[in-house]
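In the block that follows, a single chain appears as structure tokens, in the form predicted on its own.
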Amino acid sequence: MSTKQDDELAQERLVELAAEFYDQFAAGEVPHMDIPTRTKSNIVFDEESKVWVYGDRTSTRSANSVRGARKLLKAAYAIEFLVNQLEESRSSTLRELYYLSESWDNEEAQFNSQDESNQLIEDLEIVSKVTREDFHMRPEESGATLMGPLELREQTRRGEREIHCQKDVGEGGYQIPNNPDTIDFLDHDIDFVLCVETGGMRDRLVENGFDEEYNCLVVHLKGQPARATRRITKRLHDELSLPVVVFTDGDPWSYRIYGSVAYGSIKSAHLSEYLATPEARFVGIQPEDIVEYDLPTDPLADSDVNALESELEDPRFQTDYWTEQIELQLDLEKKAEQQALASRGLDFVTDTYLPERLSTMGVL
């Protein structure tokens, strides 16, 4: 649960960061802030947590240049805004922060783009060791959903409410809130969690009653999953001891979707232990499925080839399985969507493909 103590800790850490800038000034030092370098070459596998985290390489935001001074000025203004927001028990979106900066009294502190303000919030997360959710910052709604035999209690501004994610929701399912730590799991009959990339496949599984027949909680990832989606998936695994499988298209971008669920993303490696589920397994379309089931395909674009070759060097995919599948795909020069399984009938995915794959994996 997100609590008043979490809010107080976030506020305390932000004030401490601002105090560091002041102390650096007072000591005659050039104000600066050290941030882990966010590149593929600076992520390392943590043997204890089994996720990918940032290594020792850092970048410095320093006031010894005009550009660096502007960044620290913007950080100071953002810290003040966030502290006030926490004191007032308010929240705002990342987009609103970008526009709010236009009202700040120093034009040099205003953001030039939302990418700039987003990156600053990530920087503040890293140095404060507090998540943006505890800053009461949220993205635009991702629309990701759950459907399955799970009963939960949700904290809202209107109080608590209890919801069953099959009986109390429509066909669209239960929408995952921005901060899933406001949810308590009450009861469930779930045997496994199935994370699904596309809305079309998610709807096919629900229409075919896959969640009911196999006591499955279907998590709609909506493409590259939002942090809230990855967080609730991790909680379902860790707190309820549920196996997690990820069902995606068969292309390099979809493999990265699986990678972000299982091992974390390069961009948010500072939160891998909070977001990633390293025990998650891949049940998406494999290059070998293209051959075995003679699936309809599209040719690999140059960008796909480059991405696959990059994944051969990506530490998240350094296994015999992924090397074999990626090399096969490069040989085939083809990719396939999960909905290509419909070429064998609308029920093939729920009657044959998933049951066979999941049985082979020992999930069913």
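All residue numbers are counted from 1 along the displayed sequence. Rigid core (definition): largest C-alpha set, two forms, superposition within 1.5 Å. It should be emphasised that the depicted structure is a prediction, and the values quoted were computed from it without experimental measurement.
One more form of this protein should be noted, the form predicted in complex with another copy of the chain, which is absent from this view; the next part is about it.
Review point. Which single stretch, out of 250 to 258, 151 to 159, 122 to 130, 184 to 192, brings residue heavy atoms within 4.5 Å of another copy of the chain in the predicted complex?
Key: Of the options given, it is 151 to 159.
Check your understanding: If you check in the predicted complex, is G68 within 4.5 Å of another copy of the chain, heavy atoms only?
Key -> G68 lies outside the contact set for another copy of the chain.
Review point. Is V169 close enough to another copy of the chain in the predicted complex to count, meaning some heavy atom within 4.5 Å?
Key: Result yes; V169 sits at the interface with another copy of the chain in the predicted complex.
Exercise for review: With heavy atoms only and a cut-off of 4.5 Å, decide whether S343 touches another copy of the chain in the predicted complex.
Suggested key: Residue-level check for S343: yes, a contact with another copy of the chain.
Practice item. Please run the contact check for T39 against another copy of the chain in the predicted complex: heavy atoms, 4.5 angstroms, yes or no? Key: T39 lies outside the contact set for another copy of the chain.
Point to revise | Interface residue in the predicted complex among L240, I163, V291, A76, criterion: non-hydrogen atom within 4.5 angstroms of another copy of the chain | key: Selected option: I163.
Exercise for review: With another copy of the chain left out of view, choose which of E212, E116, E279, E80 has a non-hydrogen atom within 4.5 angstroms of it in the predicted complex.
Suggested key: After the contact test, the surviving option is E212.
Review point. Do heavy atoms from each of Y22, S268 and Q318 fall within 4.5 Å of another copy of the chain in the predicted complex?
Key: Answer is no for this spot.
Review point. Within 179 to 215, which residues come within 4.5 Å of another copy of the chain in the predicted complex, counting heavy atoms only?
Key: Those in contact are G199, G200, D203, R204, V206, E207, N208, G209, D211, E212.
Review point. Quick one: once the rigid core is lined up, does N84 have its C-alpha move by 2 Å or more between the shown form and the other one?
Key: Where the cores coincide, N84 still shows a C-alpha shift between the shown form and the other one that is 2 Å or more.
Review point. Is T156 one of the residues whose Cα moves 2 Å or more between the shown form and the other one, with the core superposed?
Key: False for T156: its C-alpha shift is below 2 Å.
Check your understanding: Aligning on the rigid core, do we see the C-alpha of T131 shift 2 angstroms or more between the shown form and the other one?
Key -> T131: C-alpha displaced by less than 2 Å between the shown form and the other one.
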